[in-house]
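Okay, so here's just one chain, in structure tokens, the form predicted alone.
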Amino acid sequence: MSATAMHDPSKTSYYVNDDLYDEIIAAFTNWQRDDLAVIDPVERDMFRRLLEQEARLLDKDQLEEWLKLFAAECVYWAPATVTGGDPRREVAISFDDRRRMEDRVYRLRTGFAWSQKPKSRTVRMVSNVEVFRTDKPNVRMVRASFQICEFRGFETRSLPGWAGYRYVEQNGRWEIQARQVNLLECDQCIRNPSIVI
């Protein structure tokens, strides 16, 4: 992913190509290693706060603000396999680029997203935050466990799992370049995942 977009990533999916897939797969392979763990409590706390901010924005249905946490060129990936694998060859619950993410938010705001009538109410818990170095000083990988409690209709359900993030420092802040959501039951029937998981 180039830092300076030559096109508007909210209009076209120009950056979703083999280079992007190769980069994402490499970033999410063999990254959770003790020798790469960041032990600086200040940096760890900064990323923990970013994840808590994201959870709050999603729970409060501030989806437009949530989108602003992402880099212009970004992906949102929810594998349907336990190992994640290669999204070019394996089924995914979601593999969205910037344009698709903005489409989802727009559709939810139209009032015609029937899967969100009635609208879900959610509470997200985030824990076990770990930060890992990469070979680039302005890129960090972050892992966190999560549990989403969703109430809709007359039912409350739980969606536990862990998420991996690739953060890049640019534009004077840390932005999410890739978010991989690993549901505990990713390869089972999860019915209608119409909320941002």
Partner chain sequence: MLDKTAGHNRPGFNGPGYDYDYLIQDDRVHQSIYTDPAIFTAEMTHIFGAVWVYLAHESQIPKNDDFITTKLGLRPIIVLRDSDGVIRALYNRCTHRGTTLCRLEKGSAHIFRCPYHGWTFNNTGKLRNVPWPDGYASDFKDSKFNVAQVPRVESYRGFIFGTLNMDAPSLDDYLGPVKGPIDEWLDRHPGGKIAYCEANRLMYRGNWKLAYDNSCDGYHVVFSHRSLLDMENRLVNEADKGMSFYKGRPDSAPMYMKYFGHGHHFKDKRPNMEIKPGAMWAIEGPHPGMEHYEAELRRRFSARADEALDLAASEPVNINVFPNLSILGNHIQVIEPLNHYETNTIWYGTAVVDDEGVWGDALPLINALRMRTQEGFPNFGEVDDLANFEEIQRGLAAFEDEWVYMHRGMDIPGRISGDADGVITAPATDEMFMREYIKEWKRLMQTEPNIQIKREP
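Positions refer to the first chain, counted from 1. Model, not experiment: these values are computed from the prediction.
The same protein also exists as the form predicted in complex with the partner chain; that form is not shown, yet it is the one meant from here on.
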Might Ser10 be said to contact the partner chain in the predicted bound form, defining contact as any heavy atom within 4.5 Å?
-> yes
Taking heavy atoms only, is Arg100 within 4.5 angstroms of the partner chain in the predicted bound form?
-> yes
Residue contact check: Arg124 to the partner chain in the predicted bound form, 4.5 Å heavy atom = no
Does any heavy atom of Asp135 come within 4.5 Å of a heavy atom of the partner chain in the predicted bound form?
-> no
Even though the chain is shown alone, can you say which residues of 13-48 have a heavy atom within 4.5 Å of the partner chain in the predicted bound form?
-> Ser13, Tyr14, Val16, Asn17, Asp18, Tyr21
